[in-house]
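Form predicted on its own, single chain, as structure tokens, below.
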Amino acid sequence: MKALGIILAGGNNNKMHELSNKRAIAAMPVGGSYRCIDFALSNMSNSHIQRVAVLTQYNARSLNEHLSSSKWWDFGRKQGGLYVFTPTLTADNGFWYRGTADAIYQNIDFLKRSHEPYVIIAAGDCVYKLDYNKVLDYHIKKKADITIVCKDMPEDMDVSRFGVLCMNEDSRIVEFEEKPMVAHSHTISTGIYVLRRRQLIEMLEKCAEEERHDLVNDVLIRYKNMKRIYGYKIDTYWSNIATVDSYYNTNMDFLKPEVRNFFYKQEPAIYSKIDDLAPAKYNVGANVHNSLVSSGCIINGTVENSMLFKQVFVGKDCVIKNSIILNDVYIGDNTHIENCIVESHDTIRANTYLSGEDGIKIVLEQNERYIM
């Protein structure tokens, strides 16, 4: 592969509310057995990109633990590998990452020491499959300075939290606005970019000189009339999990047969760190319908239209509907949970009723099992 990869996984997002209190967005569990960053990492690996840097910052402990070994994504090579970069205080710099462009600039030596002619930059908070080779071939064919992977969203969808763009007949981007108040298009940026490595270095150094720190506003939008910026449209599944509703809906999408088939059965595969857990156990009285139940779970009650992550215990006479139960949750007997996201390591006492009446309810309970 003629490119190296950079995954931006350091940002904080208050739209995730309590879910981002103890982990980075890129470390959020998705699809029963994955972390969100697994999708970008797997796409890099499947595209034969040998050198990948992950830039972390906010609440990075669990994300760094997840990335502690590169073998799960087959990056453990003599040539290349997986690099995890966190903000570092030096004699020349005393700042944390002040934006996406600044995050890459603070690790610009990684770019300068590399030999690949191109760079693929991807966000760590999106769920999708993509062959980056096809994007790079398109980029070279168009003789583009920058290529942005984009997607047409449904007309009734609010796209104001995305970068919205317009293209001409040749797919060249003529308008690009980040998080517009009123969107004039439903074509959005997916946060995946292709650039020449030397050009990226020049742009980052110029941004640093001018105290500009954001990759989208200070590079992509600023240069849209000066550089040849093209859009590469995808028509397969793509979702960003940066809000509570989008996170809930993305996981619920995995209950659809076509989405499960796309991610679980169709090649190339999505890889993740493997835990040695027993298969899910269904005791007498268990009743599971249209749900995903992960390894290590023990089910004694009713689970309907829900996703249970690893090591969830469901007590007798429990009813769980339209909910997401994260890792290592104990649910006591005769508990009713509906339209909820239950945080990991929670203990839900017996005879509890939890329901999201006006939306998705986030449930955080103290884990009494671990309190001495």
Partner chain sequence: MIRKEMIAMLLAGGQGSRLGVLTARVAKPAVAFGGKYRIIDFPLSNCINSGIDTVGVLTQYQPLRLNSHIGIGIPWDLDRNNGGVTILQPYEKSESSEWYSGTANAIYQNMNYIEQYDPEYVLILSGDHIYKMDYEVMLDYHKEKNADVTIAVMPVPMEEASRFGIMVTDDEGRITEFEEKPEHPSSNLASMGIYIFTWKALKEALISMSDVEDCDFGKHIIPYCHEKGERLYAYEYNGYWKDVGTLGSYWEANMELIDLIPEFNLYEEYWKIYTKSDVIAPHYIASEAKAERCILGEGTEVYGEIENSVIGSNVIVGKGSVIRDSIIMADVEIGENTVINKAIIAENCKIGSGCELGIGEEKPNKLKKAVYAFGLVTIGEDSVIPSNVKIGKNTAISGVTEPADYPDGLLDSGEYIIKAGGK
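Residue numbers count along the first chain shown, from 1. What you see is a predicted model; the values in this text were computed from it and never measured.
We do not show the form predicted together with its partner chain, though everything after this point is about it.
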{"query": "Single option in Tyr237, Trp96, Phe110, Tyr264 placed near its partner chain in the predicted bound form, where near means a heavy atom within 4.5 Å", "finding": "Tyr264"}
{"query": "Proximity to its partner chain in the predicted bound form, single hit among Leu165, Ala183, Ile298, Cys207 (heavy atom within 4.5 Å)", "finding": "Ile298"}
{"query": "Interface segment, criterion being heavy atoms within 4.5 Å of its partner chain in the predicted bound form, picked from 173-181, 225-233, 267-275, 118-126", "finding": "267-275"}
{"query": "Tyr34 within 4.5 Å of its partner chain in the predicted bound form, heavy atoms", "finding": "yes"}
{"query": "Partner proximity in the predicted bound form: Gly285 to its partner chain, non-hydrogen atom cutoff 4.5 Å", "finding": "yes"}
{"query": "4.5 Å heavy atom contact, Ser291 and its partner chain in the predicted bound form", "finding": "yes"}
{"query": "4.5 Å heavy atom contact, Pro154 and its partner chain in the predicted bound form", "finding": "no"}
{"query": "Sequence-ordered list of residues in 219-258 near its partner chain in the predicted bound form, where near means a heavy atom within 4.5 Å", "finding": "Leu255"}
